[in-house]
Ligand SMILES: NC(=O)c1ccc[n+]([C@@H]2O[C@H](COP(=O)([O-])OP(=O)(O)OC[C@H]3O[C@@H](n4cnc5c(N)ncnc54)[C@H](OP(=O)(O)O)[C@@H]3O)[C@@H](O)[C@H]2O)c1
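Take a look at this one chain, the form predicted on its own, written out in structure tokens.
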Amino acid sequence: MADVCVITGGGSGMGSAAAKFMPKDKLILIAGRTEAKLQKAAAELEALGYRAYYKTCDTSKRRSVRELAEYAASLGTVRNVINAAGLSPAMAKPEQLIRVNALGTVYVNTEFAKVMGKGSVIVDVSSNSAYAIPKLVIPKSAYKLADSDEKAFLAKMIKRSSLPRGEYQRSGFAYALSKNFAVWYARKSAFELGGKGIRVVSVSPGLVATDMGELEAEEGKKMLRYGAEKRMGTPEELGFAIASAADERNGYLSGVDILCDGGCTVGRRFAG
């Protein structure tokens, strides 16, 4: 059977770039909400010599993720899952950000774990915004509810997101919380799934020159000034980093977050 690599958010941006760095003996399944983007991305992959499939999926809905996992398993042995689907503050309000970025991570990890086995890997894509939140306001007690009481988890996360003033600021805080949760949940998953031989890591990009990144460029410039090179990352740079983390040869890389933001987070700490 073919080895299958699944990439949510694979129709554009970092997800699409990561697909092009995967080995060509993999069957690539890209997923996202917009069929036209997926069709175009799949055609690009096929032109490069990949066997590419696509399926629409809304990662904020568990049933949609379950159907994607089942479809992936019908194509072959699911070896690599890259969860690059996500929304930014300029694209959504707090509840939707938490549903897609946070609960989407829960759904991808739990549903794909059911069809994956020894020697497989899940890479959850987070953000360096995960590191921008003061520890005192991180609702770790709410995080622990994500598996057991989804309704309470969502309510507590939305309530915590209401702390800032201003609509964009609340969305920005919800985004940071959702990405901080994604890092936390990836670590949790690594220790829960490691016994099955499923490796789990997360990657936290900084500001990247994708369509989504450009929407946040004005606000993101505040962080870029702390970077080593004072610039945005490229989709190709992050795609390579993500694909490398998802490579089976990185078999001992588990339970950690890879901060790939051009030094912005570290630079900010030095400046402080």
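The model shown is predicted, which means the values in this text are computed figures rather than measured ones. Numbers for residues come from their place in the sequence shown, where the first is 1.
What comes next is about the form predicted together with the named molecule, which does not appear here.
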{"item": "Residue stretch of 243-251, 42-50, 222-230, 26-34 approaching the named molecule in the predicted complex, non-hydrogen atom distance within 4.5 Å", "value": "26-34"}
{"item": "Answer option from N80, S161, N109, S126, heavy atom within 4.5 Å of the named molecule in the predicted complex", "value": "S126"}
{"item": "Residue among M91, V115, L154, I133 with a heavy atom within 4.5 Å of the named molecule in the predicted complex", "value": "M91"}
{"item": "Exercise: A176 in contact with the named molecule in the predicted complex, heavy atom 4.5 Å", "value": "no"}
{"item": "Partner contact for A102 in the predicted complex: the named molecule, 4.5 angstroms, heavy atom", "value": "no"}
{"item": "Partner proximity in the predicted complex: A19 to the named molecule, non-hydrogen atom cutoff 4.5 Å", "value": "no"}
{"item": "In the predicted complex, G262 touching the named molecule (heavy atom, 4.5 Å)", "value": "no"}
{"item": "Residues of stretch 130-153 in contact with the named molecule in the predicted complex (4.5 Å, non-hydrogen atom)", "value": "none"}
